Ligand SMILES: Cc1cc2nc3c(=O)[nH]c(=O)nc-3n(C[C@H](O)[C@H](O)[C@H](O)COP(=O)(O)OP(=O)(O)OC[C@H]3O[C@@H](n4cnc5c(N)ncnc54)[C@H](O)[C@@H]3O)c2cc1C
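We begin with a single chain expressed as structure tokens, specifically the form predicted alone.
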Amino acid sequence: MHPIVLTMLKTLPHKDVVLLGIGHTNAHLLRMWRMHPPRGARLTCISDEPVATYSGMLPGVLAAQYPPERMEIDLARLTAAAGARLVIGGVTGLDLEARTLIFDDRLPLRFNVLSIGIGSMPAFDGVRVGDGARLLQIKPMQRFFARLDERLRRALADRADAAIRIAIVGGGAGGVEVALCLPAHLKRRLGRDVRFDLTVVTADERLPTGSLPQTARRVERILTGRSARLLKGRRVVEVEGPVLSLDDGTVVEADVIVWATAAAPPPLLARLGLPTDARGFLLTHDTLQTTSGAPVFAVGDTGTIAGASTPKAGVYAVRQGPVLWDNIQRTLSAAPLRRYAPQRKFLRLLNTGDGRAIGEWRGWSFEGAWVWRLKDAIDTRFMEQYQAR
């Protein structure tokens, strides 16, 4: 064979790395691939949307502190800059033996190494949903604002001169920030004189869930100061049109029901044939590799490390990025994998929608305009890493 042909064959990619979902962790790998592409490997990214979204900036977009594109990652531009392929499509299954992903509208895609990071969805555990026309799930975030505005327009037309009734179900950080920042969005979209009633329903006694008592007091002071109704220690058991029935017999009527409950596994995970935890998330070792023994990783909310009790939160997904990047390279070269150790403490920052924020760090609770500036700086710096130029 001619020497030039031999050289070409040696430089052609002979291993396929595939990312299913471009969340916080997989996005880091894509960014690193752009800077240091492994020799002899090809990267393919699969997403059901042409953009990825950063959840940390969603409250800021709600409060009109950022335009929507500030929370978006243009996957076409980023993958092109990294020399990777982008596939927009719906995956329906996984053939582990053949090392292929199965799609609903295209031929199977082969992989040598696969990283699954498709996030989570809000849970409906124990909730009977009859007429769910007024339900609005935050995810998928790519279409959240379009769905929200459509629901608000309908509510405004239905209510005529009466106040729009809005219920937020879920007391985690996400639900709390939506409650804090949604009023600014309502006034911008529907007029500064728009009338609305806001109710927050949470099964926990603190807002947000797991926060320090002093942080919860700050959050509750602001929400009640804005005339929000807080129903703590209550669970929604039924949704029927505009009616939410709670476990203590309380009935809440709402024209818009924002569902921001705890994380549940996307239905696709049950169809992949991989080991799962009791809730249905993919089970992994502390290397982030699934316990199936195959070269398949599960990251972010998608995976649960066996024996660990790490919450489903974006801050952990971000910290997994460097470990995944290292372990993908180690898998390609058949080297031992590196362990991921979740951090015990992390900085919690809550946007209050008015140019201020509430923070929590190592037993200390604080708030002010400087906290918002800190959050803005952190989020902006994070997103700037993924803006292809």
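The shown structure was predicted, so the numbers you read here are calculated from the model rather than taken from an experiment. Residue numbers here begin at 1 and follow the sequence given.
The discussion below concerns the form predicted in complex with the named molecule, not included here.
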Exercise: residue 30 in contact with the named molecule in the model of the complex, heavy atom 4.5 Å: no
is_contact(residue 44, the named molecule) in the model of the complex, heavy atom dist at most 4.5 Å: no
Residue contact check: residue 201 to the named molecule in the model of the complex, 4.5 Å heavy atom: no
Contact of residue 299 with the named molecule in the model of the complex (heavy atom, 4.5 Å): yes
Proximity to the named molecule in the model of the complex, single hit among 118, 101, 155, 254 (heavy atom within 4.5 Å): 118
Answer option from 312, 218, 134, 234, heavy atom within 4.5 Å of the named molecule in the model of the complex: 312
Interface stretch in the model of the complex with the named molecule - options 360-368, 64-72, 22-30, 328-336, non-hydrogen atom within 4.5 Å: 22-30
Site check 96, 112 and 277: each within 4.5 Å of the named molecule in the model of the complex by heavy atom: no
Heavy atom within 4.5 Å of the named molecule in the model of the complex - qualifying residues of 316-331: 317
